[in-house]
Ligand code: RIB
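Next up: a single chain in structure tokens, the form predicted alone.
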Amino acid sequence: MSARITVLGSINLDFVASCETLPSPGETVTGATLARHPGGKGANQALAALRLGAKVTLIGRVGDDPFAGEALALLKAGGADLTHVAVDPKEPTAIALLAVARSGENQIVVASGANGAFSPDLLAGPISEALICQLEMPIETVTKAATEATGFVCLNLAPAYPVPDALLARADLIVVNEGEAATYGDRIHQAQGLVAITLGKRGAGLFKAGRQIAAATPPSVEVVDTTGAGDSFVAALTVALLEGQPPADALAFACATGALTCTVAGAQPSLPHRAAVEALMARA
């Protein structure tokens, strides 16, 4: 049976400048090419879970502007439930400005727009399905949704932001990268659930009560753009755990999904379908 997942999170339209190298502070880099893609951590994780076989509902907000339809296009085409994506009458659809180097490294600046205006009172009520949250909308809204949820809760603590203990305590799964893990320190390991720490090309580790219970490394791939890799990892690990995969297998599946995401430019265009992930794992 397919996992059923609700994602509460950000919806952006990404403007991506691909360049040879990323600029240093105060530096101008020319000769870039420009593209635009749907993005936002919430929308990315929703589409990633959908392409991995889950039934997905997205809760979020967009502006009353031409960017909204473009930001939701791939989710709509993929069959996600968007009935809980509302139009904010005052704020614009969020825009992310990305610079991506030939190496795949990136820099991101987000104008949060409607995402930042999603206040707790706009939530319809407790969520009974599995829930994935990130921190690209008000922390009060994320906390209310997670603490009132009655099913499995995955909390992606990105971008790093001060969070209340109640939110950490409610998470069945916390996902962070190395930098975020350093920011939160031992607090994340005091939670009752699992903690996944991603390590880039070195893979990821899965912890329980501060003790590592699994580790995985990604298959070798040719990196084009790392944008979206963390989001696909979050979705894949959640889907695999909800399917009942053992922790080590779930972590390997998530690492392979994140690696495959790096082989295509753009956040949502790069999110892989399940058959492609399984094929990569079989070859590896």
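Keep in mind that this is a model prediction, so the values were computed, not measured. In this text, residue numbers run from 1 along the sequence as written.
Below, we refer to the form predicted in complex with alpha-D-ribofuranose, which is not included among the displayed structures.
Though the partner is left out of this view, Ala96 does reach within 4.5 Å of alpha-D-ribofuranose in the predicted bound form, counting heavy atoms only. Looking at Val110, you'd find a heavy atom of it within 4.5 angstroms of alpha-D-ribofuranose in the predicted bound form. Mapping the unseen interface onto this chain, Asn12 counts among the residues with a heavy atom inside 4.5 Å of alpha-D-ribofuranose in the predicted bound form.
When alpha-D-ribofuranose is considered in the predicted bound form, Thr238 lies well away from it, no heavy atom lying within 4.5 Å. With the partner omitted here, the stretch from 224 to 232, 56 to 64, 247 to 255, 23 to 31 that lies within 4.5 Å of alpha-D-ribofuranose by heavy atoms in the predicted bound form is 224 to 232.
In sequence order, Gly39, Gly40, Lys41, Asn44 are the residues of 17 to 44 having a heavy atom within 4.5 Å of alpha-D-ribofuranose in the predicted bound form; the partner itself is omitted from this view.
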